[in-house]
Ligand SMILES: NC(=O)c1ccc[n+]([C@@H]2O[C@H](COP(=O)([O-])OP(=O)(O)OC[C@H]3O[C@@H](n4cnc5c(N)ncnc54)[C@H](OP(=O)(O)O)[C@@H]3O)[C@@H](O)[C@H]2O)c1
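Consider the single chain below, provided in structure tokens and representing the form predicted on its own.
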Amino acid sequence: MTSVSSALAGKVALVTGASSGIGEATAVALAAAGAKVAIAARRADRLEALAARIEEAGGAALRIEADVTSNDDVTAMVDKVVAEWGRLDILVNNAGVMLLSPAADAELDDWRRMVELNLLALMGVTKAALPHLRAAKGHIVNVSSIAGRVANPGASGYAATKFGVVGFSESLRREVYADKVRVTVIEPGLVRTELGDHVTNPAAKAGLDQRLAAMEALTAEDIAAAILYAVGQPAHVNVNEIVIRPTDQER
């Protein structure tokens, strides 16, 4: 059986939303497994610290300050990876935001922000990277959520974007499978990251905090391990979907 380290040695990965949480943990895991990792986010100071961490451990990191909702930034981001390392094998679309609220109380700007970042930006990054991924017979990993499978009250806008990610991923898989490009969608349940800090609706924030306090939530490293499992499979194996919940989570 091929080890993950040997499977990823020499591969080039791009991780969006890499400045914290799942993106940060995934970048560290990919680098530890032998991949060269481009880390993209808006917070330059966080990227600097992450790159130093990866490089101190013997890995290779490329820092890219980018807003993935900007078409110009996305084009420049992908071009920089290919110019630096000559190829792109793995794309992890992780950048996202969770702004929970009941539909009646929702701010339209919050819905717009989630659609632009969680869905449209993911689609735009994928489109920009696709020629290189086709050339490399690469792998696209889209980080969705259990909210893309189970639509709970109080999360209608967020769920809409995550259902969109799941639908886009499956359609994309059927478009690119003949090119030997693999597509995986990751659907985590409750994960203890900064994502919950973005929630400003008091009732939604209280509900989320209560749920987190009642269980042993997943960690960013748990999700990174699932991503590493998917991308470390042999080329003829496409893990299309991973749903991962805390053991204590019912829905």
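Source: prediction; values computed, not measured. All residue numbers refer to positions in the sequence shown, first residue = 1.
Separately, the form predicted together with the ligand exists; it is not shown, and the next lines address it.
message: So the ligand isn't shown here. In the predicted complex, which residue out of 54, 190, 62, 224 has a non-hydrogen atom within 4.5 Å of it?
response: Exactly one listed residue reaches within 4.5 Å, namely 190.
- prompt: Does every residue of 90, 184 and 241 put a non-hydrogen atom within 4.5 angstroms of the ligand in the predicted complex?
  reply: Not a single residue of the candidate spot has a heavy atom within 4.5 Å of the ligand in the predicted complex.
task: Answer with yes or no whether residue 21 is in contact with the ligand in the predicted complex, where contact means some heavy atom within 4.5 Å.
output: It does: once the ligand is placed as it appears in the predicted complex, residue 21 has a heavy atom within 4.5 Å of it.
- prompt: Taking 4.5 angstroms as the cut-off for heavy atoms, does residue 201 touch the ligand in the predicted complex?
  reply: No - in the predicted complex, heavy atoms of residue 201 and the ligand never come within 4.5 Å of each other.
message: Under a 4.5 Å heavy atom criterion, is residue 143 part of the interface with the ligand in the predicted complex?
response: It does: once the ligand is placed as it appears in the predicted complex, residue 143 has a heavy atom within 4.5 Å of it.
task: Indicate whether the ligand has at least one heavy atom within 4.5 Å of a heavy atom of residue 42 in the predicted complex.
output: The answer is yes: residue 42 has a heavy atom within 4.5 Å of the ligand.
- prompt: Among 169-177, 127-135, 156-164, 102-110, which stretch has residues with heavy atoms no more than 4.5 Å from the ligand in the predicted complex?
  reply: Only one stretch passes the 4.5 Å heavy-atom test: 156-164.
Residues in 194-221 with any heavy atom within 4.5 Å of the ligand in the predicted complex: Result: 194, 195, 198.
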